[in-house]
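The data below hold one chain only, encoded as structure tokens and taken in the form predicted alone.
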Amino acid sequence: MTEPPRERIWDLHCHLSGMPGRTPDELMAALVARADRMGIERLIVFMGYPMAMDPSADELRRQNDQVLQALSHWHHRAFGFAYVSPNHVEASLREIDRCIRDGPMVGIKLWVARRCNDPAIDPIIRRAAELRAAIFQHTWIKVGGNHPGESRPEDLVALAARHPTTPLICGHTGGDWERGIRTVRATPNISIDLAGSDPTAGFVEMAVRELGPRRILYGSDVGGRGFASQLAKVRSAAISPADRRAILGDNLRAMLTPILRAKGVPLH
């Protein structure tokens, strides 16, 4: 009897904050221990602590140093994205070169400092794309109004139109996932991140129906959320086993394969 294909889980969206511990090494050990209990093979970690929505250039470097230290004993289990900001373009370009070109990281994380529809971000996007690095942009749709500089999915669509051949990730699918899915639907170079919102029935089914399974990436937003509730979004969804495997890990692995191969990281 043929064994079913293995279900690989790669978590796109992990933070050190929210874990017990006092140092990057202790926080990372706690994160991996929890991932082990849930059968998660690989973790993507970004941003240090305390989180800063509009970090200075020095703060970007400090938080990236925390993640680099956290990864230092876990390269077989985790990858990192460099925290960058369009409010500090030159410093961000230096961080991309330091952490990705010359270091172990494989993507960038953009958070709340400036909306991503602003062309000031373009040099950062171009440099990350040159390195085949993943590009993750936080997005949210808040009923009471977003933070100054906080992007919505439509801002990412505007960015994608300026970089139509560059893959982009819509963090949280905008939180309001029904609107987020519809907003990015016609923009094929945008994939969505499932992380962070409540594990509401229908999210993943709608995403598969509207976007196709290859544009959907599982993430948890741990430690702001737990692995279990976020995995439940995918495991409880009425989708095919092949689509479930794609979302839980195969899509992210495929997205990162070019940069991992360039860095000589073995893929099993």
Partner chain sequence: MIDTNVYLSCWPFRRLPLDEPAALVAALKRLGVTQAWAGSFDGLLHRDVAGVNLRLAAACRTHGEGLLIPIGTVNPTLPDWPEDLRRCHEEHEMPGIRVHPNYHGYRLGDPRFAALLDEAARRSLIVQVVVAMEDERTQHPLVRVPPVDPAPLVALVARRSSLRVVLLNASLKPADVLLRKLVEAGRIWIDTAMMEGISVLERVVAAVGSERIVVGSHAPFFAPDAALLKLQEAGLKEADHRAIAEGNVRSLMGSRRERED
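Not measured: the values here are computed from a predicted model. Positions refer to the first chain, counted from 1.
The form predicted together with the partner chain is left out here; the points below concern that form.
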Since the chain is shown here on its own, which stretch among 151-159, 74-82, 172-180, 106-114 would lie within 4.5 Å of the partner chain in the predicted complex, judged by heavy atoms? 172-180
Would you check, heavy atoms only and a 4.5 Å threshold, whether Glu59 touches the partner chain in the predicted complex? no
If you check in the predicted complex, is Met255 within 4.5 Å of the partner chain, heavy atoms only? no
Does the partner chain come within 4.5 Å of any heavy atom of Arg235 in the predicted complex? yes
With heavy atoms only and a cut-off of 4.5 Å, decide whether Leu68 touches the partner chain in the predicted complex. no
Whether Lys142, Glu205 and Ala228 all lie within 4.5 angstroms of the partner chain in the predicted complex by heavy atom: yes
Could you list which residues of 17-34 come within 4.5 Å of the partner chain in the predicted complex, counting heavy atoms only? Gly18, Met19, Leu31, Arg34
